[in-house]
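Before any questions on how it binds or moves, here is one chain, the form predicted alone, in structure tokens.
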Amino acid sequence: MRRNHSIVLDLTEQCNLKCIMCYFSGTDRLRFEPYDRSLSERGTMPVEVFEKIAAEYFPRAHRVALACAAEPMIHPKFRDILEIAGRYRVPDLWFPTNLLPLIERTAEAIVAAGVTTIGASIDGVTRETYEKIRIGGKWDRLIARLNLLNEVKAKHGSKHPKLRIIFTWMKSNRHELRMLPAFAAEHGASELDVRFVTPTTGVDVSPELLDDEDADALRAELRATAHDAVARGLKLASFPEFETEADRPRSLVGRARRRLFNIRSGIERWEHWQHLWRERANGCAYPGRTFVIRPNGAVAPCIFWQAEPIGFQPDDDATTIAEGAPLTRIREGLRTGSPVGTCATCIHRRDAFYRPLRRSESVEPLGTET
């Protein structure tokens, strides 16, 4: 069975932090449409529903994200979920987290399940900046959780999970971007994911946007950070564009060096070329390959989808959803150049977080799919 699907889940509607750029800064619970549908009183996905989803989707999945828009480790049965997910040995099993709820038993379960990557969102590399942005987070606990993860990996002689540091770049932490590679390397990270803060429904992030800053200066800082990271052996899992067409070398030697850097850094890799091919062939690479499943069971074709769900778990099975009329209409609209639903107005897609947006633009995706 070919593993060519990407599954993105949310296990809960809650988070333990109220970061200044996040929708959780204004709410204690993130509700997903349809708002009158819930699978549990607390807004968590029941383990039996997750088990059904895993059995139907994970055997065909190349990548599974156990979180998207909320904090997965506060799910009361997260270790049970890890055990279920681990049965399927998904090649790329990962989740983003603020890491603060991590305890030793959970770290042991993460290693045992074969989780390949943990994406730790930090947004600051000093106590002052971290605690200013990540409201409710404590710097000492973050460092202790990073150390714990490394200790459990060392205990089992495991290279996994790899640690990916996620850093949302904004005015409050602009000065710390250049410090990020050293921090990541010091704490055992192997990848960086840097993205711009973006306008988000429910929170005013206008004071943090970098859109009014000098673009050349921003690119210079990004370029220096990227080269520093690669020199330290870090991969760039995702990173903003730091070149213009005029910046690109014209000589054969210069172009070869640039290509080698892009390959070494991870900016260019096979899955990116696959993504571009699918986008050109189908109008978008996501519908039919990606399934986003929320805690209330609603299923969407990508993290940007804001229209009616294409199905519901556990009511519908994976085959019914994949072959159903809603997804068929979406795919046909993209192929024919007549997109429907959210696709008709989607201008951001995957690069939404990796370029500075104008203040008049708005980003609606609930999550950080990577």
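In this text, residue numbers run from 1 along the sequence as written. Keep in mind that this is a model prediction, so the values were computed, not measured.
If you look for the form predicted in complex with a small molecule, you will not find it shown, but the lines that follow are about it.
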{"item": "T200: touches the small molecule in the model of the complex, heavy atom cutoff 4.5 angstroms", "value": "yes"}
{"item": "4.5 angstroms heavy atom contact with the small molecule in the model of the complex for A70", "value": "yes"}
{"item": "R145 within 4.5 Å of the small molecule in the model of the complex, heavy atoms", "value": "no"}
{"item": "Proximity of R195 to the small molecule in the model of the complex, heavy atoms at 4.5 Å", "value": "yes"}
{"item": "4.5 Å heavy atom contact with the small molecule in the model of the complex for all of Y23, S121 and R134", "value": "yes"}
{"item": "Heavy atom contact within 4.5 Å of the small molecule in the model of the complex, the stretch among 150-158, 240-248, 82-90, 166-174", "value": "166-174"}
{"item": "Contact residue in the model of the complex, from T129, N98, T117, S265 (heavy atom within 4.5 Å of the small molecule)", "value": "N98"}
{"item": "Contact assignment for the small molecule in the model of the complex, among L218, A285, L234, V205, heavy atom within 4.5 Å", "value": "V205"}
